[in-house]
Every structure is written in structure tokens, then in C-alpha cells.
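As a starting point, one isolated chain is supplied in C-alpha cells, in the form predicted on its own.
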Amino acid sequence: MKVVLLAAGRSKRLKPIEDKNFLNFLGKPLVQIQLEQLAAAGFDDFVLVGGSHNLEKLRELVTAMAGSRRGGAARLSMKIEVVEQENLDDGMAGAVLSAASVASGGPVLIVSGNDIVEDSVFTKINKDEFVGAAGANDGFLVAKEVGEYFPGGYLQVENGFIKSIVEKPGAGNEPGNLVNLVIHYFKDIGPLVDALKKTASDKDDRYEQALDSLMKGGLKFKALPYNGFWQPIKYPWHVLAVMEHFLAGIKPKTDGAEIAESAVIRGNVYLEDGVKVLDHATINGPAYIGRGSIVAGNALVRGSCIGANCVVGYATEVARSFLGDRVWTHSNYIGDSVIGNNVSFGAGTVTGNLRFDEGNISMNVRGEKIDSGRNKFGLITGDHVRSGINTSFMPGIKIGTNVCVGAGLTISMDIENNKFVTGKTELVQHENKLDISVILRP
């Protein structure tokens, strides 16, 4: 069975995060984690679909993974062919058509890089537990029951068979409570390819419309229920949910790290080789610290994923946050935030993560205010960001890539890419009528 892994999305809703496929969780890019997850379940033949924005990085990753396997570091047998989706505006339909020429001639499993699930669903598929459930039918779609509206595809199901699929019907218009997870099995991808070629849509639902036409045309697809963890990465705060999922599964590792006697390590903490934990630092698990990073004196890290070659500087607290590689801090507070690569915070810089009324924090996403569903949510940054001393970031603020923010500012609005932010502080001098010399401390 071939697996078509869709990784060509441009992550528009995630900005300033450039590409979710290359977010590093526990030291590995997300797309690699998904490939290894599928390989561990027994799949070994992959078609990886990328776009012009990440195609070269995908090819480099595949080459690096192949070298790692030859070196014995990973004992997973994988054949991976990388193909390009040339027109990214064609969405998922274009991705499948791009893979069609190398994925035809047998059963195909289509998996989205958007959907993060537990290993069990892929293990069941490859053990024929789901494939067997499809029986003599044409395939199946994995579905999850939801209690509140999710902006995705909804399935209308009768007696276990899918009668129709509707993309983003709007709250109150759902045909049921089963959301389509993009884990789709086809005994033969040919009919889907033909339907995609015949289907046109001015919305982002060409794939769903083509699939719906197959169902209404007589092809039979089962709805396979899934009740485990599922998190699509559509918005920046979803990065934190995925981080929490991966952290929940780590096992403690501290060998290969240099830890001061006065440092405190509690719970499941994974320290990569070359990590240094200095005097009186505390790390409360679950937490991951990347290769070559330093947790300095009196620093506190809790419930966080720290990338490689970072410095959690003196008296800094990092709480429930995701930090990329080469993030430098000093006497900072970073809470419930997603920080990019090559970011430096001046001393005293803090990220606000809680409103006065403790209500949910919203974020501006492509001109629309979206509720994050979190009452604690801090800062999102792109790569290559600098802030001066004593800068304060309000909750739910986004800072673009290649940005410098001046000292002593309170940032309460999103900052676009390639900006240098300054502000005016007016100093007014008055006559001092208080004689300080007579106020003596004991």
C-alpha cells in the first residue's frame, strides 16, 4: 500500500510560522515524525507531496533520513518519493493529482500533514483491522465525533456508510457530528483522480466535492470511528496543543547532559546531549531541552519544548512554551508562547499571557479575530527577531520574521515582517520638592 503524505500547504493561518511541516518537536521536524510514525506502523512506500516553498527542504530531509538509516540510527525501511504540487492554489485536490502518476495501480492511503493522531490508528490500518472493515467496499475515511463546531469536513453517515461529505458547512448546518480526518483509504485511487479532473470549485473544497460525487455515484465508503487524540494544526495555538501531546509521551533522559549538583530535575525531562543545567536551575517535566542548550542559574523551565543551542538565561522562566533553535533569553518571562528560530530577548522582556478578566484570548488571523479557546496564550514570533530590554508583549500578539523591537515598549499590536519598531517616551523634569537627604534607611 502506498501512503501519500500531503505536505504542500503554505500554512497561511499559522503566520508568522512559515511551514508547520518543519516545526521541530522533540528535536525532529513534524513531517519526519509523521513519516516515522507511519513507518513504525509498518508502512514503507511513501509519496511525499511538497510545493515550491518547501520542496528542497523535503528532499534534503529525505536524503538525511536515508543516511541515518544506513548508519543504523533508525531501523525503519522506507522508500520515499518526493513530488511537487505546482499549483498550490489547487489545495488538496492538486496535491492528490500531483501524486496520481506514482500512486496508481493499487491501494492508497492519503494522509494530511495537518492531522496529528495517535500511532494506534495507523497500526490498525496496516494490520487490516480498518481495511478489513471496509470489506468489499471502495474504501474508508477515518472520522472523529466532535462536540462543538470545527471548520472542516463533515460526514453524513447512514448504517456506517458515508452518504455525503460537506466542507465547512458553518455552525448549525452540520449534517452530523462526525468530522472527516484526512486519513483516507482507497482500494483504487483511479476513480478519485477521474472525479478530481472533472470537478471545479471556486472554494477550497474541490477534493471534497469530487469525493462526494463518488459517494453519490454509487461507490461505497465506510466511516471508521476514531476516539483518540486528534489535533489539526490550523492556527498558531494548535502548536501548543501538539507540543503538549508529544511531551506527554516522553521518557526521562539526562545522560549526556551536564547538570550542576544544586540544579533540580523533576518528572519526565528529556535532555539531549550537550545540554548544560547550571546552579540552582529547575526543570519541571514534562519538558524537552534540545542539543547544546543551556539552562542558566536560577532559571525555571516547566512544561516546555526548547530547541537546540538555546540559552534560557539567568532568572528566566519558560512556562508551557515552544521555543525554536537558537533562542536567547536573560531575566525574561515567556509563558504559553510559540517562539521561532534565532530569536533574542533583551533583559527584562516579558510576554503577557493572561487577560485581566481571565477570558479567552483571541488572535488576528488573516483579518479576522479568532478565539484561541485558551485563557492563557502569549506571544507568537517568526524567525530572526530581536527585542530590547524591558519590552512587554501583550497576550495573543504576533511578531513577524526579521523584526527588531526597541527597548521599553509595550507591544499591543501585530508587527509585520521586516519591521524595526521604535516608540516615543517623553521625559518631563520637574523641580524636586522632596529632600531625599533627610530620608535615611535604617
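In case it trips you up, residue 1 is the first one in the sequence shown, and so on. Predicted model, so just to flag it, every value in this text is computed and none were measured. Between two forms, the rigid core is defined as the largest C-alpha subset superposing within 1.5 Å.
Below: the form predicted in complex with a further copy of the same chain, not depicted.
The shortest heavy atom separation between residue 148 and a further copy of the same chain in the predicted bound form exceeds 4.5 Å. Taking non-hydrogen atoms only, residue 387 approaches a further copy of the same chain to within 4.5 angstroms in the predicted bound form.
Interface residue remark: residue 185 is not counted as part of the site for a further copy of the same chain in the predicted bound form, having no heavy atom within 4.5 Å. When contacts are judged by a 4.5 Å heavy atom cut-off, residue 347 counts as touching a further copy of the same chain in the predicted bound form.
Contact with a further copy of the same chain in the predicted bound form, judged as any non-hydrogen atom within 4.5 angstroms, is confined among 330-338, 232-240, 209-217, 159-167 to 330-338.
Note on the partner interface in the predicted bound form: the residue among 103, 361, 343, 196 having a heavy atom within 4.5 angstroms of a further copy of the same chain is 343.
A heavy atom within 4.5 Å of a further copy of the same chain in the predicted bound form is found for one listed residue only; from 253, 203, 266, 127, this is 266.
Taking a further copy of the same chain as positioned in the predicted bound form, the residues of 396-415 that bring a heavy atom within 4.5 Å of it are, in sequence order, 402, 403, 404, 405, 406, 407, 408, 409, 410, 411, 413, 415. After superposition on the rigid core, the Cα atom of residue 433 is displaced by 2 Å or more between this form and the one not shown.
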